[in-house]
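The chain below stands alone and is given as structure tokens, in the form predicted on its own.
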Amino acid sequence: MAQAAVAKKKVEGTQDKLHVWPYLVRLEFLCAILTIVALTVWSIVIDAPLEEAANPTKTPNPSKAPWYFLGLQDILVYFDPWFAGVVAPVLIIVGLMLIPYLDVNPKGNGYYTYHERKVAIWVYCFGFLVLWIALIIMGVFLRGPGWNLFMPWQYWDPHKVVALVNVDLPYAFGVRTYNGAMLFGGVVILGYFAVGTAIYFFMERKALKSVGFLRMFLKIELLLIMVGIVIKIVLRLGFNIKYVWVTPWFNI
């Protein structure tokens, strides 16, 4: 009798689970149908903008990469080519490869849960939607002739001339000497990573024991780089800041 009571309590204490079939498969099937219907209606209503055959003697204005590369092409506006074309793609690939090694939280494996994986879901949404999809949308719909930024209600004027008023961050703060600007920019960049790392370690000090110092440190630095890219884009679009750290070897 005692064993039966214990077994009954265990059964009552377990959480209800749903089978993949038919619950999950049915939902995914319905989502797939809605997506196909939406794409079909979109393709019927909106004509594809077919252009004339490619002419090697006439370069289109602007020259755009395929849509899936426009995010990287748009990053070239805000960063040096070595960062936008080399460092950023490498960080994306390496960061995705490190996810299984950095995210060792066993909660949520094999089932969907937002309550137990809020940070992971928000970081993924930030990286995918803000740093990839948003830049692609900007490159497709807002970048016109001369790679100038046009709002949706503006006419794409091929003769538009934009004055180059971009300045480096040290110059905007009154630092005019070369060595002073290099020192000022280095302090800003290193201070950003130092302060951000310290704040994150303080906020997640309980998780440090289970995750480990190295994993926590790498996660923080990758997150700060993601946020730093957005900060740099805002500085360029809103305040015409070209570079933050200017040196003889590289510019950031």
Partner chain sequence: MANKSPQIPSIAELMDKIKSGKIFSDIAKEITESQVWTSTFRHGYADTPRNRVLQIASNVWLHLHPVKIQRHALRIKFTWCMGGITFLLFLSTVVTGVILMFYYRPVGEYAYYDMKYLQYDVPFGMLMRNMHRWAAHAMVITVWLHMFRVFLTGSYKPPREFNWVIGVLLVTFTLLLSFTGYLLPWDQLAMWAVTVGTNMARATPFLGNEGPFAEYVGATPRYDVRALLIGGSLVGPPALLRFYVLHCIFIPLVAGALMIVHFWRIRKDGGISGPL
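Just so we're clear, the structure is a prediction, and the values are computed from it rather than from any experiment. Residue numbers count along the first chain shown, from 1. Think of the rigid core as the biggest set of C-alphas that the two forms share within 1.5 Å after superposition.
Absent from the display: the form predicted in complex with the partner chain. The rest refers to it.
Answer with one of 175, 87, 142, 77: the residue that has a non-hydrogen atom within 4.5 Å of the partner chain in the predicted bound form. Checking each option against the partner chain in the predicted bound form, the one that comes within 4.5 Å is 87.
Quick check on residue 68: any heavy atom within 4.5 Å of the partner chain in the predicted bound form? Residue 68: contacts the partner chain in the predicted bound form.
Taking 4.5 angstroms as the cut-off for heavy atoms, does residue 81 touch the partner chain in the predicted bound form? It does: once the partner chain is placed as it appears in the predicted bound form, residue 81 has a heavy atom within 4.5 Å of it.
How about residue 168 - does it come within 4.5 Å of the partner chain in the predicted bound form, if we only consider non-hydrogen atoms? Contact with the partner chain, no.
Answer for residue 238 alone: is it within 4.5 Å of the partner chain in the predicted bound form, judged on heavy atom distances? No, residue 238 is distant from the partner.
Within 4.5 Å of the partner chain in the predicted bound form, do we find a heavy atom from each of 24, 40 and 117? Yes: each residue has a heavy atom within 4.5 Å of the partner.
What stretch, of 216-224, 54-62, 183-191, 201-209, brings heavy atoms to within 4.5 Å of the partner chain in the predicted bound form? The contacting stretch is 54-62.
Can you tell me which bits of 215-252 touch the partner chain in the predicted bound form, meaning any heavy atom within 4.5 Å? Result: 249, 250.
Verify the C-alpha shift of residue 33 between the shown form and the other one: is it 2 Å or more after superposing the core? It does, since the residue 33 C-alpha is displaced 2 Å or more between the shown form and the other one after the core fit.
After superposition on the rigid core, does the Cα atom of residue 187 shift by at least 2 Å between the shown form and the other one? Superposed on the core, residue 187 moves its C-alpha less than 2 Å between the shown form and the other one.
Comparing between the shown form and the other one on the rigid core: C-alpha of residue 24 shifted by 2 Å or more? Where the cores coincide, residue 24 still shows a C-alpha shift between the shown form and the other one that is 2 Å or more.
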